[in-house]
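The chain below stands alone and is given as structure tokens, in the form predicted on its own.
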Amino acid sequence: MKTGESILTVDNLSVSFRTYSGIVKAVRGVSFELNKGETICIVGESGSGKSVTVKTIMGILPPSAVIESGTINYKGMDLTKLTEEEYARIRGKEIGLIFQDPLSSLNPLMKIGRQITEALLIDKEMSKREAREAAIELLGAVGIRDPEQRFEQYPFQFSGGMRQRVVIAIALARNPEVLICDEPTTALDVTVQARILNLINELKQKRQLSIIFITHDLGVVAHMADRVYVMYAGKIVEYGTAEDIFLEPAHPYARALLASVPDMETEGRLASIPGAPPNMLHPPTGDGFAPRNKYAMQIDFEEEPPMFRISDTHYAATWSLHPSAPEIPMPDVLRERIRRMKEGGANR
């Protein structure tokens, strides 16, 4: 699916972990691309392989991890083949990363200003005085008031939202072209979350960033995404534009995720997804979601579905799209929500 000039392409990536219990197949044949100036969201439950995928891109996997197959192409370089020394020249400078917990990202014993200037001084292209001025400017750019005063303070003197703004400032310190956001708003309340998302969108426009956003929150996806990749059991099971996924979801897992999100119109009992994600020590045969799908067919348990083309921008790996498959009804709550969204769009 080509929608612009690609800056990063992941092709057939598989990552496993060696554990005392056996081999955990965390990521299985994942492929996607990020185009210049766009935001893609990778969405799925905990354990679906989202964070492992981006940690592989950043080259920060633990020693127990093994890249079984695949390539990660960034500006003509296969990142999976780089040495740690080569990665160090890309990590932070070309590709920045924001983690979900700012408390674990910041050193509690070091002043905020020093933590930002350390990132700025890595390339040895500016003096300490210039780094200080640049750090204060970055603090202001991410919306922190009185940046000169804040420069001298410690992380405990900041609120959760302000700490996350500091983490964003550090991620942007070396002017990366690609920014990876690994659930950066999970620990924040809803109001602060919205401010951080708006800030990331503003910085994207000002700095011409290309963003990979990892989340399990479909509200965040709606706020951020140009394109969406739905991940389950280490695989991409559906992808398309945000409009494709929200208005025409095809994979039973994507439908179940969307149906389980409450909104202001939700009445009665909330929808839920039965069962639990599979144990990736023993990856499922066929469609990984089949045991949790009440409409699963026999073939879902026996053979992995291919990616079926729904449109030029929309694809899903589900046997329900096969011409011979029976039609699967949309969950009532989701069908009604989609109807309201379409009516709302038509009235704007």
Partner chain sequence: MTMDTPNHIPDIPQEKFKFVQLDQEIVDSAFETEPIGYFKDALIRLRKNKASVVAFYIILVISSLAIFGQDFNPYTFRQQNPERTNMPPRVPGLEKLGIMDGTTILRNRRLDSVKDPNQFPEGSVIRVFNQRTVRGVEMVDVKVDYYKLVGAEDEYYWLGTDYLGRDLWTRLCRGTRVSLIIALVSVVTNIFIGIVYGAIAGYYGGKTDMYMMRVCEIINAFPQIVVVTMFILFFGTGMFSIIMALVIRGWIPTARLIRAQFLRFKNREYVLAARTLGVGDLAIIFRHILPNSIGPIITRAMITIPGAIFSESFLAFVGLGLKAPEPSIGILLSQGQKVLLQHPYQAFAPSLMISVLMIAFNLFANGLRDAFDPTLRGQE
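Because the structure is a prediction, the values reported are computed rather than measured. Positions refer to the first chain, counted from 1.
Although not depicted, the form predicted in complex with its partner chain is the subject of the following passage.
Within 4.5 Å of any heavy atom of its partner chain in the model of the complex lies no heavy atom of Tyr253. In the model of the complex, His322 approaches its partner chain with a heavy atom inside 4.5 Å.
Its partner chain is not drawn, but in the model of the complex it has no heavy atom within 4.5 Å of Asp332.
Contact check for Asp11: a non-hydrogen atom falls within 4.5 Å of its partner chain in the model of the complex. When contacts are defined as a non-hydrogen atom within 4.5 Å, none of Glu248, Pro262 and Gly286 contacts its partner chain in the model of the complex. Along 160 to 177, not one residue places a heavy atom within 4.5 Å of its partner chain in the model of the complex.
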